[in-house]
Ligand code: HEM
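Just one chain is shown here, as structure tokens, and it is the form predicted on its own.
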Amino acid sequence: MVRENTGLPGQPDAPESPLRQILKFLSSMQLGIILLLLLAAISVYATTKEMNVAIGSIYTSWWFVGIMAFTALNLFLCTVERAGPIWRQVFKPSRAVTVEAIKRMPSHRAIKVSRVGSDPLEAAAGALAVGGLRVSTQEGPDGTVVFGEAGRFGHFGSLITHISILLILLGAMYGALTGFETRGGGYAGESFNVPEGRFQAAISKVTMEYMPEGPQVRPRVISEVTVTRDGRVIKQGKIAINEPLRFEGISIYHSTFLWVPHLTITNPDTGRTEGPVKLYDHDRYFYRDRELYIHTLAFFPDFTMNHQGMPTSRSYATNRPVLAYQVVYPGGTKEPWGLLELNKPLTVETKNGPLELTMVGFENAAVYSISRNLGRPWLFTGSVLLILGLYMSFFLFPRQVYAAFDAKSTSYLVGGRSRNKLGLEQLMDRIEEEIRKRKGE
């Protein structure tokens, strides 16, 4: 790569400095395309992984963030390099051109007329105005030139698209470096810690609202949560589906809900009772009197048996609550699973002696997805700008048309340029028709 020598004639061209060569490479469109394709390929690969694995090992990894940073640098340099020429093209277009320049334009034609008149360019200016162009006249090297333009802000489409992608990349990097995603939850009276956000959340209430369609439709669960840090309340409110609790760039979303049965366990030999204990599905409680675990399998609010003889629930209504459980010994040996109905004590025979199980109640627990993405405003702004930039690039077509009059051949020379070649040809046809109409041709 060489640049034009400004010294004496005959001197060899001076090579570009290493810094200039590096900047030219970093701002090249070819490099940008390669980096964007690489990011797209990695993102496609990440979709084949489990979400938490993809976030932890790919999207927040140093090498992925590094590729995004390199891509952002390329877009920034490319944007800076293109900003000046685009600005001049929009606000300071070249209005004075030669006749030869008009003839070399992508679309041009000579319109011969028989009548000239005192001001031949008046007809050209009127024709361009009828074509929807903003018209001005300028003295050029070969005489007066009529200049018309429309849709000039469409030139900013590519620039805004570059800026939007740059904002999206910066937002993604900022979110990856400062964000997190985790889970938590519980029933009323429980709390959970979020070390990544340095806060605790206490659940004070969990309620269920059935849908108007009936209990067969998944109900709406609402919970009340108080968020504290170092004993100071920083946020308090309700959480439900599509109604997260937001603070400090952190969002606590309702993910799902669980049933939590209350069990009492009694040793018939001694009469000693433990509980009630609250157990989630697939939870275990170690009962020392018999050296075994009570393993909860599933809770069925409206119990029934399907045609295959397996327990299921007819609806979300608590018409017949039943708990499926299993006795498990420390070595891993298991007893057959059984069913426990509400307030109906059941004596279970185990190899360590009998025990009595009673489900004395149940309640709901809420499960939350907790995330922070401080880059979300950048992502939102970048997405809006991306839509705007694509619209300006594909629907706002800048058009520039020049017209001059050749007195020797009594012809109008009209030429123009635009990204929309078909639209430009239609515009040129309209201008020619209007010129001939005004000249009575």
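Everything numeric in this text was worked out from a predicted model, so none of it was measured. C-alpha atoms forming the largest set that superposes within 1.5 Å between two forms make up the rigid core. Residue positions are given as counts along the sequence shown, with the first one as 1.
Not pictured, yet referred to below: the form predicted together with the named molecule.
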Listed residue (Ser411, Ser28, Ser43, Ser383) with a non-hydrogen atom within 4.5 angstroms of the named molecule in the predicted complex: Ser28
Can you pick out, from Val225, Ile165, Met173, Met359, the residue that has a heavy atom within 4.5 Å of the named molecule in the predicted complex? Ile165
Can you confirm whether Leu36, Cys78 and Leu390, the three residues that make up this candidate site, all sit within 4.5 Å of the named molecule in the predicted complex, judged by heavy atoms? yes
TL;DR on 403-411, 66-74, 44-52, 370-378: the one with heavy atoms within 4.5 Å of the named molecule in the predicted complex is 66-74
With the cut-off set at 4.5 Å between non-hydrogen atoms, does Thr266 touch the named molecule in the predicted complex? no
4.5 Å heavy atom contact, Arg82 and the named molecule in the predicted complex: yes
Non-hydrogen atom contact Thr161 with the named molecule in the predicted complex at 4.5 angstroms: yes
Any chance Gly415 has a heavy atom within 4.5 Å of the named molecule in the predicted complex? no
Examine Met29 after superposing the rigid core and state whether its CA is displaced by 2 Å or more between the shown form and the other one. yes
At a 2 Å cut-off on C-alpha positions, does Leu379 qualify as shifted between the shown form and the other one after fitting the rigid core? no
Tell me, please, whether between the shown form and the other one the C-alpha of Ala404 is shifted by 2 Å or more, with the rigid core used for superposition. no
Cα separation of Pro195 and Met68 in the predicted complex versus here, shift of 3 Å or more: farther
